[in-house]
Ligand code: ADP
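The form predicted alone is given below as one chain in structure tokens.
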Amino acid sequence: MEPAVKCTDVRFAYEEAEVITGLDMTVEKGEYIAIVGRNGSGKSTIARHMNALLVPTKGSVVVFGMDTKTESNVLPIRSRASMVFQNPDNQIVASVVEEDVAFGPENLGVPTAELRRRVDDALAIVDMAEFALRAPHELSGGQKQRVAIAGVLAMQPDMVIFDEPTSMLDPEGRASVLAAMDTLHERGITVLHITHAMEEALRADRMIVISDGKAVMSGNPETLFAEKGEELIALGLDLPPLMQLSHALKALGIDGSAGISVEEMVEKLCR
């Protein structure tokens, strides 16, 4: 079975500055991947290669079997791989929520009955159905971001690429967007989440660490944080709070290893 994304020796430069420096990476269909790296590591540039917003200077990015360098593949790729960006205000184009969600498929000529079904389904998935007739400017940041996700879902993509979608949100908005991402994954949609928040990366099946435009580490997030903590810190990354506590306890000779929840940590320490 072909992967959702396969990057082979990808290189990309803005003018003379090479940002991606030999990326090899594969994403399987249905995976939930967190892509992490310090600021300037190239992760957002990598994200834009996943749906042909950018194409490699050298090497290849193949999305669902289609090479992004082939011009005739661009629209088919974008119909299957959609993006959600940092600022929800930049993604909302209509004055009513349901009209905004309908914008993409309507422009593709989706019949009215099918369009209605897609809009209703997409709003239900992100728990925004009750806001269908509201004006987007009346919504919170988290609600706007969920509307943006609904607009992507109405296009019926096979993969959604999230480029730091929670970075401008308060804790409540962040939680609601992350819950929507979990729902997409449960429905079999491939999820790529570019994030700087290590506690968000813990939700993924697999974490890929980017440094200087390359993938330097890949694996289960909890395992990587537990076993490669010092290496991740050396790469300019933080550890999730509980993992920081675990490493601090180990430095004191106390076994604080546990899962990712407060309850698991307390149970472990109280034994």
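Since the structure is predicted, the reported quantities are computational estimates derived from the model, not experimental observations. All residue numbers are counted from 1 along the displayed sequence.
The form predicted in complex with ligand ADP exists for this protein as well; it is not shown, and the discussion that follows is about that form.
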{"property": "Partner proximity in the predicted complex: T68 to ligand ADP, non-hydrogen atom cutoff 4.5 Å", "result": "no"}
{"property": "N39, heavy atom within 4.5 angstroms of ligand ADP in the predicted complex", "result": "yes"}
{"property": "4.5 angstroms heavy atom contact with ligand ADP in the predicted complex for S246", "result": "no"}
{"property": "is_contact(V19, ligand ADP) in the predicted complex, heavy atom dist at most 4.5 Å", "result": "yes"}
{"property": "Contact segment among 40 to 48, 219 to 227, 232 to 240, 57 to 65, judged by heavy atoms lying within 4.5 Å of ligand ADP in the predicted complex", "result": "40 to 48"}
{"property": "Sequence-ordered residues of 4 to 33 touching ligand ADP in the predicted complex, heavy atom within 4.5 Å", "result": "Y14, E15, V19"}
